[in-house]
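Starting off, we have a lone chain in the form predicted on its own, written out as structure tokens.
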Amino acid sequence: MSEFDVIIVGAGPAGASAAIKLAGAGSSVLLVERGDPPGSKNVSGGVLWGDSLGSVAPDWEKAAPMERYVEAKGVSFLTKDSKISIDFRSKKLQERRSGYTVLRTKLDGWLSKKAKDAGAMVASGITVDKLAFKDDRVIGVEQDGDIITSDIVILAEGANPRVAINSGIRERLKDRDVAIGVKEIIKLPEKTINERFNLTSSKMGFASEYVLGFLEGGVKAGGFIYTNKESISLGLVISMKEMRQNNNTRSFDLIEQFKEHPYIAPLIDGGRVDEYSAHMVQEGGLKSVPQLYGNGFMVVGDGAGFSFSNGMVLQGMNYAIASGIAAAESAIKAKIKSNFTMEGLSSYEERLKSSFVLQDLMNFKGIEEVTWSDMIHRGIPNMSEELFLSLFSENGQPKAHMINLLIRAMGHSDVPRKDMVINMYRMLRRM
């Protein structure tokens, strides 16, 4: 007989949500986390989109440590001298409150406490080495030669799936699978944040992604800024392939270039860096999704490749929570039938396919080829800069029609005109 019904490796949003759901249904659960306490190894600026958390914590909007709800959403292209932006603000966003900025250190700790309150055993400061097998079936986890047994193991270990790789259930990561995420938490007074981001209330927040078309060495990277109550979350997501090819460029140099940009520096002027971190970010899309379940195990969250970016939004925590809950529901069903085989856990993938988690990845299949393309990172920023300079400059000469200005501007991009047209068509299809 196993010591636990389910062992969950990783107490992030995916693992903690699964633990809350399982423990609440009467399963014996062990939630194992490397950080001590849970959340301590995370530096997150992020936005929690949607209401997936409501399935395990109905009062989360009032009780969870949310920072600000997203009242203003931006998308910007940056060149060396310019910023071309969409800045969307709406009272409807205030009413719907579909996104909240969060700090993972606080959120993960809160979720772990919810799991403990639900009846799960939370063991922090423990690093699992690998899965334990018997007769080709997972029977628990192994740490320093000791084995703890369970009927099912849920791997919620994040973007660096070390346990899954060590256990032979997935291949080592490739450059296409992940990017490098570099983040800083910059302290600023609440009043200053409200003034700089044109927020009329300290409950309202600003979230924006940036395409950085000006970085030295031509390295491709996306940036982000999210407002918290008394801090700014600022960071980059950098192409792993680009970093490897350009071995003279360092991630900490790139984040400084972002911070020094003439339209970013004023937003963080006078701020103090309170935290700094770098880690891997899932970026491979559907191609990077590994085997999701097998005899005695399921994989959830970032470890399963569940993240989404289409250039307009970055999302991951909602996919993590939804997949963790789907795994928990599948484990409950398997327990009722006492069937912990691959067949007994197959409902996990069925649940994912009927939810936004896998549907989004399938609907936007190949989107990573757009978001990391030359057109997005070099073509559109340079073309847009030239187009708007032509539109808004007055030199006493006759004005050209928009189509002529657009054709002329396309000549200022680093991408051939023919390729721009083809790539734009592909981009619209995938977006």
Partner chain sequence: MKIEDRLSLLNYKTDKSYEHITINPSICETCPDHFCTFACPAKCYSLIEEKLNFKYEDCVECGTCDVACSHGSVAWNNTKGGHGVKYKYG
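If you're wondering where the values come from, they're calculated on a predicted model, not measured in any experiment. Positions refer to the first chain, counted from 1.
Another form, the form predicted together with its partner chain, is not on view; read the next lines as being about it.
Worksheet item: Which one, 75 to 83, 184 to 192, 200 to 208, 327 to 335, holds residues whose non-hydrogen atoms are within 4.5 Å of its partner chain in the model of the complex?
Response: Going through the listed ranges, the match is 184 to 192.
Worksheet item: Counting only heavy atoms and a 4.5 Å cut-off, does its partner chain in the model of the complex sit next to every one of E95, L234 and H261?
Response: Answer is no for this spot.
Worksheet item: Any chance K114 has a heavy atom within 4.5 Å of its partner chain in the model of the complex?
Response: Looking in the model of the complex, residue contacts with its partner chain do not include K114, since no heavy atom lies within 4.5 Å.
Discussion item. Against its partner chain in the model of the complex, would F88 count as a contact residue? Criterion: heavy atoms within 4.5 Å.
Written reply: F88: no, not in contact with its partner chain in the model of the complex.
Discussion item. In the model of the complex, does D36 come within 4.5 Å of its partner chain, counting heavy atoms only?
Written reply: Contact check for D36: yes, within 4.5 Å of its partner chain in the model of the complex.
Worksheet item: Using heavy atoms and a 4.5 Å limit, would one call D175 a contact residue for its partner chain in the model of the complex?
Response: Flag for D175 set to yes.
Worksheet entry | Sole residue of S347, Q291, T249, N310 within 4.5 Å of its partner chain in the model of the complex, by heavy atom | Contact with its partner chain in the model of the complex is made by T249 alone.
Fill in: Contact assignment for its partner chain in the model of the complex, among A278, A118, L286, V122, heavy atom within 4.5 Å
For this set of options, the contacting one is A278.
Discussion item. For the stretch 80 to 103, I need every residue with any heavy atom inside 4.5 Å of its partner chain in the model of the complex, listed N to C.
Written reply: Result: L103 alone.
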